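Here we start with a single chain on its own, the form predicted on its own, put down as structure tokens.
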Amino acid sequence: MIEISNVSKAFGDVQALKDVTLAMKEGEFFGMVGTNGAGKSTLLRMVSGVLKPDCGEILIDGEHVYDNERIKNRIFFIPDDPYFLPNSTADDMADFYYSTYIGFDKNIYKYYMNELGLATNRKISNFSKGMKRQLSLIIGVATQRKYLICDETFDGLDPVMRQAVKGMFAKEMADHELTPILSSHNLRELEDVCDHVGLLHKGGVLLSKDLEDMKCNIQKVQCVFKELDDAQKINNRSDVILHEKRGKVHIYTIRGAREDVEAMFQSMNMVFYEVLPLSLEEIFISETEVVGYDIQKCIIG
């Protein structure tokens, strides 16, 4: 488990992070979201032991990570701009990491290189940005570390490759108990993979919650009323977070358990109603507007 407690970091007059507190459980897929400049890369570098916090502490499995070689050996960090040896091929980099990381599994490396259709003997300088990103992820997985920390993981990947990479993470989590920690500036990229999402904004944590908990406690309902009085009753409820009207159709985002929300609409004389699935972005809009933030100014859709 990774525990971040009251961590701050400044670079000269620039306050990159201030009083950040987060918990990342092992075996879960943690997604970190925020605009460029929100502090994601700085935080990931501190979690990886590359940077030292100015104050606060970062514990991995109960121990400080900075200057702790034993704990760092449980981590593989992929920066936003991965480095490759000059004139190297993919196999050259696999050999390099095989000599550096005890436990590097060349069979896993070869398997995913074949699955993603990457040439093992081709110069990496001839790879596209997306191919370089895929290679760095394959190498990271092949090191067989406990924590794989990735900065802007899906940047440069087309939709098909994004799904392939998500499948790779899911397989490694199931087969080898991998704990992926990913950052992105786009909520939609993390929509179908994360167990827990943290939202960073201007160096602080705006929100950090388990997705299943959020989904269970917020419902989206589309309905048509027979009686205007019933519509007004719903509109006046304190648990209604958002309300849209398109002609006769009302769309509500309501805080509460699904069974309670359904019981409320069943008690009224409706033309029809249905509970709709919520997107990750809609959940975050609902959660952050409650505390006075416009998430659309905090993330890129």
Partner chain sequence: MIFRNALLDKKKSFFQLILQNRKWVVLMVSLISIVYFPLATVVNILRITERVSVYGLQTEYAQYKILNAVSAWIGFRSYAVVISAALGFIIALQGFRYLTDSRMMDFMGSLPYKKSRVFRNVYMNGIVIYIVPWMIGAFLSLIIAALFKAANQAMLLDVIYGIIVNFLIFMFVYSVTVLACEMTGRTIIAAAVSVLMLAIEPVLEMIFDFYTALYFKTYYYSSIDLVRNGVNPLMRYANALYSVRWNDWAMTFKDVHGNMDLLIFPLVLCLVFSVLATVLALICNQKRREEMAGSAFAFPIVRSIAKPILTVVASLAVTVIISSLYSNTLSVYTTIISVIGIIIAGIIVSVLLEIIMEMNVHAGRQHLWQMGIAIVVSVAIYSVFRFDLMGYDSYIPEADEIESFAFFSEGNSSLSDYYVSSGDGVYDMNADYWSISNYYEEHMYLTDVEDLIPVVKQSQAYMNANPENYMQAGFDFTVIYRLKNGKTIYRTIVLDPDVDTALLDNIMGSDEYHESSYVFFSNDQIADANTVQLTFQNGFINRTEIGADLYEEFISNYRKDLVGYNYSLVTSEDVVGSMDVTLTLGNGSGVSTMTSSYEIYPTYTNTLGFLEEIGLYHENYISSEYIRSLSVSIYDETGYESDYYEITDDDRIDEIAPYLKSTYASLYYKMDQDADNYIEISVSADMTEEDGEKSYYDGVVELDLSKISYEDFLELVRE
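If you're wondering where the values come from, they're calculated on a predicted model, not measured in any experiment. Numbering follows the first chain given and starts at 1.
Keep in mind the form predicted in complex with its partner chain is missing from the figure; the text below concerns it.
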Do heavy atoms from each of N73, D92 and Y97 fall within 4.5 Å of its partner chain in the predicted bound form? yes
Of D67, E274, E259, E244, the one that lies within 4.5 Å of its partner chain in the predicted bound form (heavy atoms): D67
So which of E191, D210, D230, D81 reaches within 4.5 angstroms of its partner chain in the predicted bound form, heavy atom to heavy atom? D81
With the cut-off set at 4.5 Å between non-hydrogen atoms, does M113 touch its partner chain in the predicted bound form? yes
Since only the chain is shown here, I'm wondering whether L278 would be in contact with its partner chain in the predicted bound form (any heavy atom pair within 4.5 Å). no
Does F77 make contact with its partner chain in the predicted bound form, using a 4.5 Å heavy atom cut-off? yes
So in the predicted bound form, does any heavy atom of K226 sit within 4.5 Å of its partner chain? no
So which of 259-267, 234-242, 29-37, 42-50 is the stretch with heavy atoms within 4.5 Å of its partner chain in the predicted bound form? 42-50
